[in-house]
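What follows is one chain in structure tokens, specifically the form predicted alone.
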């Protein structure tokens, strides 16, 4: 899975919008949305919120976790703990990128939020790299990935898979050949 696919999945998350138009309920395969009334908040998927925002049909309300105080608290906790703490959202990095790129005028303190989310991301990726290094140096066979987001797992995936394949090949070469005189596969 590449980052664009993860971003696509993130667009299915819901966000609150304040529409400036009237429309009855719309019926989609993924569920019913609306009704839309001017000034009344309604929950919609991010993809629809961004589309309506680009057409100047709504104002996007930032998610609860997208608050400077909450993000500072998350950043400080993440720096203090050795293990991964729960992420602000399963798609915090993708949603921040999407919302700040397309609706930064609707998000108070957008630049501070961008910086805090980047700090959280950098801290978590540094922890992930240390964990992967420890995992490989201890020659472990499995790992538990608690509190990691899909994008974080996707970031380290190829490195871990390649490392595990190399470790497997090295281990299989160290084991004695089978009793029939066949050699281990390189």
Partner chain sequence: MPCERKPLRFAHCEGHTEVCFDDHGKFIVTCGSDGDVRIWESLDDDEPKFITVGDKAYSLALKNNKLVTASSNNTVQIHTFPDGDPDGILTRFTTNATHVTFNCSGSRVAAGSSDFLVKVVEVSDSSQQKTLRGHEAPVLSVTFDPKDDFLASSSCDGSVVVWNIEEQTQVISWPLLQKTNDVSGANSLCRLAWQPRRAKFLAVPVETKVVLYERGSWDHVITLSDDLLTQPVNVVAWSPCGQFLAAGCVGGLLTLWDVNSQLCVERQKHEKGFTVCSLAWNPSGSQIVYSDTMGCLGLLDGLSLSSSSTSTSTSTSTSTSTSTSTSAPKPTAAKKPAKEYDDLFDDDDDDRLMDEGLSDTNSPLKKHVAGDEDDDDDDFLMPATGRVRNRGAILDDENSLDTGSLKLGPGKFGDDDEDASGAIVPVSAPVLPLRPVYDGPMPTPPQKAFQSGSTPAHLTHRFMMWNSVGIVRGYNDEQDNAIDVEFHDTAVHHAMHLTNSLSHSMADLSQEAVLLACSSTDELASKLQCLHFSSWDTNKEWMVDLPKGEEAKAVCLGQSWAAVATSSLILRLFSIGGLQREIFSLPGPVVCMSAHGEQLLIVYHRATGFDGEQALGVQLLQLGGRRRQVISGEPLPLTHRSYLSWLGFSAEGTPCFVDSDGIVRMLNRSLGNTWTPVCNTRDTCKSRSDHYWVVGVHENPQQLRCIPCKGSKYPPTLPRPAVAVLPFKLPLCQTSTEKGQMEEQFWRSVLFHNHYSFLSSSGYETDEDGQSKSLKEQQELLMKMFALSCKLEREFRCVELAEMMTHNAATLAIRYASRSRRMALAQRLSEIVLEKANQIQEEEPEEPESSSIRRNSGYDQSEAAAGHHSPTRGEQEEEEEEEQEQERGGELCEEGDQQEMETEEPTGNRKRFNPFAKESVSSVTPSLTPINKAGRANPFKVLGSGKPSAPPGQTRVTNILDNMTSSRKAAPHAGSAGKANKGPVLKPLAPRPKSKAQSTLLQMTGSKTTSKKTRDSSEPTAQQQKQQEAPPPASSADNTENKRPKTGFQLWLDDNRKSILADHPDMEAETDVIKEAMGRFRTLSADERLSWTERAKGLTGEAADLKKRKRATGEGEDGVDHENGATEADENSAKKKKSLDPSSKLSAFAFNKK
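Since we're looking at a predicted model, the values are computed, not measured. Positions refer to the first chain, counted from 1.
Although not depicted, the form predicted together with the partner chain is the subject of the following passage.
By the criterion of a heavy atom within 4.5 Å, residue 59 is counted among the residues contacting the partner chain in the predicted bound form. In the predicted bound form, the partner chain stays beyond 4.5 Å of every heavy atom belonging to residue 14. Proximity of residue 37 to the partner chain in the predicted bound form falls within the 4.5 Å heavy atom cutoff.
Residues are counted as partner-facing when one of their heavy atoms sits within 4.5 Å of the partner chain in the predicted bound form; in 21 to 37 these are 21, 22, 37, in sequence order.
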